[in-house]
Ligand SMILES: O=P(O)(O)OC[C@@H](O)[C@@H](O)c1c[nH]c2ccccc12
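Only one chain comes next, encoded as structure tokens, the form predicted alone.
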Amino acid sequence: MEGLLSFQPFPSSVIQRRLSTVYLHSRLSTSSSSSCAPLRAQQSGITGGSESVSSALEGKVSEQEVGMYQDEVVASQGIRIRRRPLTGPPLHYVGPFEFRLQNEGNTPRNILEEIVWHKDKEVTQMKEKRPLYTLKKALENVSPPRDFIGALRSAHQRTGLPGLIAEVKKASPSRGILREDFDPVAIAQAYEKGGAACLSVLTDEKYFKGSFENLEAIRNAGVECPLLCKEFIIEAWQIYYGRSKGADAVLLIASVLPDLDIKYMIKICKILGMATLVEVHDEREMDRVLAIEGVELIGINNRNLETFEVDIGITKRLLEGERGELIRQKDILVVGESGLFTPEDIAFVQEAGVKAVLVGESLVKQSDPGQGISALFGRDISS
């Protein structure tokens, strides 16, 4: 079993041993520390200062106990998406035939959980082919990262409108194929010519028909816009892989990643010179992300990734009152995402407080995506 924290550079046996110490000690402790404390202890190898107690409790725990610990931490942060199936499909035999029965523990609850479970298997296979040390070596030959956040701020100042992150996207689980004649490089070039400040490139193959090859092709084609690697990131390895393909920024989804994962991945991105777009959908996720040090770019997704329902009023709701004031104090740039099709939609989220928007479907479906940008904003923003 992999460790609770996907970025932990220790063998699983060591992680399990540390979990044993932290997990059992946390139940004997009378401290009122937050639910995140055990995670911090695991990361640093410190168990709250009680070395004698920790040593006495050192030992292996069962897979079930590790799973319970992970579930408790995730549940305490309101995360409903399970990182991987709790149980494998049970085997049953009737004569010479073998079949499997689905149950709640091995069946995804929604499309986002299905994507994450598939991504867990996919990344495991990719890591075997491209170990982390090979990716770090490959970074020596990659051009320096472009300033993703700076490009958005500059576009906003230049046009008085939200900076545009235009998305190179062939398909989605909710809409199916968006564009049959899909040429990622040509679309990216049209976006850049049309005034996009940055580009978002889908890299998920199974559900969005994207690829890291598309990301690399766009970067190698001479497109100057900073590139966001639009991937369902669950491990730090994916960040290095995206960077090796030319990404300047990555997406981190709060409904999938615990706080400590987000914090750690932000630090990795800063080391690599990359930006992180941390995506939220509701008040609890926004509050979690605002409490994380180092967040500079927050995306508010108007689409519920569990049901795919869209409501652009979510952007306004999350930017009202104290949350909006805190965002302004921290000088965090907010990106409006999903459900944006008209100049009226753009004006609505801009009035709510966003300074950038991420748009895909309403642009990529146009015969000329560049002209689609002008239609979206109500005027030419290319100059």
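Residues carry their position along the shown sequence, with the first being 1. Not measured: the values here are computed from a predicted model.
What follows is about the form predicted in complex with the ligand, which we do not show.
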property	result
Contact of Ile262 with the ligand in the model of the complex (heavy atom, 4.5 Å)	no
The ligand contact in the model of the complex: Asp248, any heavy atom under 4.5 Å	no
Touches the ligand in the model of the complex: Gln238 (any heavy atom, 4.5 Å)	no
Exercise: Arg243 in contact with the ligand in the model of the complex, heavy atom 4.5 Å	no
Contact test, all of Val73, Glu113 and Val256, partner the ligand in the model of the complex, heavy atom 4.5 Å	no
Contact stretch among 289-297, 248-256, 130-138, 148-156 - heavy atom within 4.5 Å of the ligand in the model of the complex	248-256
The ligand: the contacting residue among Lys209, Arg82, Arg179, Arg303 in the model of the complex [heavy atom, 4.5 Å]	Arg303
Heavy atom within 4.5 Å of the ligand in the model of the complex - the one residue of Val334, Val349, Ile314, Leu358 that qualifies	Leu358
Residues within 4.5 Å of the ligand in the model of the complex, restricted to 279-295 and counted by heavy atom	Glu279
